[in-house]
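Just the one chain here, the form predicted alone, laid out as structure tokens.
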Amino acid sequence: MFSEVAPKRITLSEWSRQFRKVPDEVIKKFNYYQNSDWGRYLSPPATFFVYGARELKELKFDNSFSSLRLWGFVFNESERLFRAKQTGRKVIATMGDLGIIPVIVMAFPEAIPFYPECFWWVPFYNKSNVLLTRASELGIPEATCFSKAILAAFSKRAYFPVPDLIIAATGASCDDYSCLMQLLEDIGYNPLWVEIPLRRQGSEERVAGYLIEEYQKIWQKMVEITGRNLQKEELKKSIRKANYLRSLVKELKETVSQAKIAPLPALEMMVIEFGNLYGYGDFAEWIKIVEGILQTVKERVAKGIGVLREDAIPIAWVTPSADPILLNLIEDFGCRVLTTEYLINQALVPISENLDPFLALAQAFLNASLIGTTKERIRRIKEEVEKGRIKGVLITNVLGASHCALETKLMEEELQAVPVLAIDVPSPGGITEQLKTRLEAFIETIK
């Protein structure tokens, strides 16, 4: 599909025109939860603009059919979660750990995990402060991370169904988010708390033992909720599926990074990295989508074609951009995002298939960049800098996110070999000419 079209980033209107080439029988072919009656999700991005995602009109998207499939699936998530609830599935909110707990949840066939924190992009896509204002009304201070939108979403009960269970990670996790999760009880929710211990050198065995007990607690709660007393073999199967997706994404990242011309834009790559967390609630379909993206990328690499100029400046991106349009902007200004550190590396680490599954999950989590030191977190970025592959580093700070305030200066000190720019992500619709000028000046410095 669209094989005759040269790869490039296209606008919402261009996607709508190109979508007319998709035959009806192809649209009917792609379904979530394997349901052909009501599970179709293939639609042009303009569909979601009509639903309220006004920022889409300003974004540029990859023009491949596989990316069309990706966007239709990702923006369909709210509908998918409500459908899950309507059809008797157990909807499980997994919050704060970023990568391991959904593997446990997915072992139960009728359970659908989702990360409410991923909905922090909603205010930006919608160019709306409705959720942020509602969070303030609930008592959240103004200078709090944009993840406060999640508490408002729980309050409004309109963005996703009321979960059958909320699993909330606290301890060595994001402390801002942990505070928000504690406020869930004030608005009528009752999370199952999971304690993440601090990782220290020499304490790995003790910490892993603690995590195993926490994961077994989740397992027992899932048995109670679903009424299915599964064997550990089911958890091993879930681990194998997670590993397969992680291997796909690893191959995709390496292929994109090593290509002479960028075969896929940074925006789609960020969406794919985050999909590792829980397959956006339909793991089987998400795997097929990523397989399609990988095939597209391989075909483009083989032909020596891509979506950016060959001389695009390679940079690293640290911390995910709360506003997706920043990824577009940096490419418009002549850069290429070659490597990333989005705080979700624990969702990329292969999980051992030869150990007790709970121990394997604990060991995988202990490789997380989320709970270690700043030096550990940026080690991979430094390695790429030392190889000469990275010419600059862009750090996106989020106002009120305490880790940003604590880490950014340390990162800048560790990365002195290349220019580093740290910017604060403004509120929805708040990207100014001043911010654009700073980005352009950063690029000029690299040149």
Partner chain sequence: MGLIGYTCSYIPVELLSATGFLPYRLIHGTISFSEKGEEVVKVDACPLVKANLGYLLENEKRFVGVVGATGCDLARRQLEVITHFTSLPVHILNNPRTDNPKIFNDEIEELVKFLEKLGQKKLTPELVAREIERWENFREGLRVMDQQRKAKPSLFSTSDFHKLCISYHKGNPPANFPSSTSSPSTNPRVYLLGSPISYEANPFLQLLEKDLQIVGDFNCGISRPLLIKIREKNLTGIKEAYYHQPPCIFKRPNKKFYEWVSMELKERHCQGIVAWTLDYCDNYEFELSRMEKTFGLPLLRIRSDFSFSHISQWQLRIAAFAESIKENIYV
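Remember, predicted model here, so these are calculated numbers, not experimental data. Positions refer to the first chain, counted from 1.
What comes next is about the form predicted together with the partner chain, which does not appear here.
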Taking P197, R200 and E414 together, does each of them reach the partner chain in the model of the complex with some heavy atom inside 4.5 Å?
yes
May I ask you to check whether V162 falls inside a 4.5 Å heavy atom distance of the partner chain in the model of the complex?
no
is_contact(T319, the partner chain) in the model of the complex, heavy atom dist at most 4.5 Å:
no
Is T408 close enough to the partner chain in the model of the complex to count, meaning some heavy atom within 4.5 Å?
yes
Taking 4.5 angstroms as the cut-off for heavy atoms, does C335 touch the partner chain in the model of the complex?
no
Answer key: of D282, E117, D176, E331, within 4.5 Å of the partner chain in the model of the complex (heavy atoms) is D176
Which of R309, K232, R206, K260 has a heavy atom within 4.5 Å of the partner chain in the model of the complex?
R206
Could you tell me which stretch in 167-175, 120-128, 250-258, 98-106 has residues with non-hydrogen atoms within 4.5 Å of the partner chain in the model of the complex?
167-175
